[in-house]
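A lone chain, given as structure tokens: the form predicted on its own.
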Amino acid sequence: MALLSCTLTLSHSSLRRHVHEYTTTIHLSPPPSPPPHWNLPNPPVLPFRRLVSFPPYIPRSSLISATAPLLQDAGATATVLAGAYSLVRTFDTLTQRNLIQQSLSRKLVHILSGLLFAACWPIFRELLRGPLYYVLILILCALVFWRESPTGVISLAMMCGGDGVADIIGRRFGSSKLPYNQHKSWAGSISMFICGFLISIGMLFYYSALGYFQLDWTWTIQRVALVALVATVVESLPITEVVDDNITVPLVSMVVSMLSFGY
């Protein structure tokens, strides 16, 4: 028993000595040095290259203002169509129920449909300006000249081809403005003259090939060039706010063509 007690005492003393030495070593030893890669210099900053380009920011207000006329015209068109359908449907129902006579129903629709059309004009915007004039000139040329006169063909060619191309080219390449009209450009006017002339000649050749009229081409080319020149000058004048180009260009082309061709 005494031997066991002595052994435990010695073991305990030895264990305490080892623990003390280990603790002393922990407290007295310096902290470990950081890994070698901690001392590396900062990595170089690589230049950022923009790989994807984004379109410029367009304010929401600009988008709304740009689409407002289109939305209003679309809504106005839907309203007019709904009103016209309701008008016809109402009188058709009254006729079927023998509440009014068919002849009276037809006359009332004739009267009210025209008034409805006129009453709806104020709710439209651009739809009753340039596009309306464009369609009216098309109808006028078809009714007056049809296929028997080069005047209608030239007038439409100058309005559709010449004036249309002038606007496209002028917006894209029209940095050099005309001295008497800052809203028009040299590029637009030159393109109108060239395209209006070429399209007119092409349409005249097409109608001539179909046998609707025979032309002296040397004389015709000179007259068409004159019409294109006069129409280009009129289109370049600063009168767009007063009279639309869809009216002035074809009307002037009609007058000069009738004076040149005689019909």
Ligand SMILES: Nc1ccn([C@@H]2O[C@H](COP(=O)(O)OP(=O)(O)O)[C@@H](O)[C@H]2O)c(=O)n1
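From a predicted model like this one, the values you see are computed outputs, not experimental measurements. Residue positions are given as counts along the sequence shown, with the first one as 1.
The protein also exists as the form predicted in complex with this ligand; that form is not presented, and the subsequent description refers to it.
*Asks:* How does the site look for this ligand after superposition from its pose in the predicted complex: open, or blocked with 3 or more ligand atoms within 2.4 Å of a backbone or C-beta atom?
*Replies:* In the predicted complex, this ligand occupies a site that, on this form, remains open once the ligand is superposed onto it.
*Asks:* Any chance D167 has a heavy atom within 4.5 Å of this ligand in the predicted complex?
*Replies:* Taking the distances in the predicted complex, the answer for D167 is yes, it comes within 4.5 Å of this ligand.
*Asks:* Taking this ligand as it sits in the predicted complex, is R147 near enough to touch it, meaning that at least one heavy atom pair lies within 4.5 angstroms?
*Replies:* R147 lies outside the contact set for this ligand.
*Asks:* Considering only heavy atoms, tell me if S185 and this ligand come within 4.5 Å of each other in the predicted complex.
*Replies:* Within the cut-off, so yes.
*Asks:* Is there a heavy atom of S189 lying 4.5 Å or less from a heavy atom of this ligand in the predicted complex?
*Replies:* Although this ligand is absent here, S189 would touch it in the predicted complex, with heavy atoms inside 4.5 Å.
*Asks:* With this ligand left out of view, which of K107, R171, R89, R97 would have a heavy atom within 4.5 Å of it in the predicted complex?
*Replies:* It is R171.
*Asks:* Sort through 80 to 88, 99 to 107, 114 to 122, 159 to 167 and report the only stretch with a non-hydrogen atom within 4.5 Å of this ligand in the predicted complex.
*Replies:* Comparing against this ligand in the predicted complex, the contact stretch is 159 to 167.
*Asks:* For the stretch 241 to 257, which residues lie within 4.5 Å of this ligand in the predicted complex by non-hydrogen atom distance?
*Replies:* Just D245.
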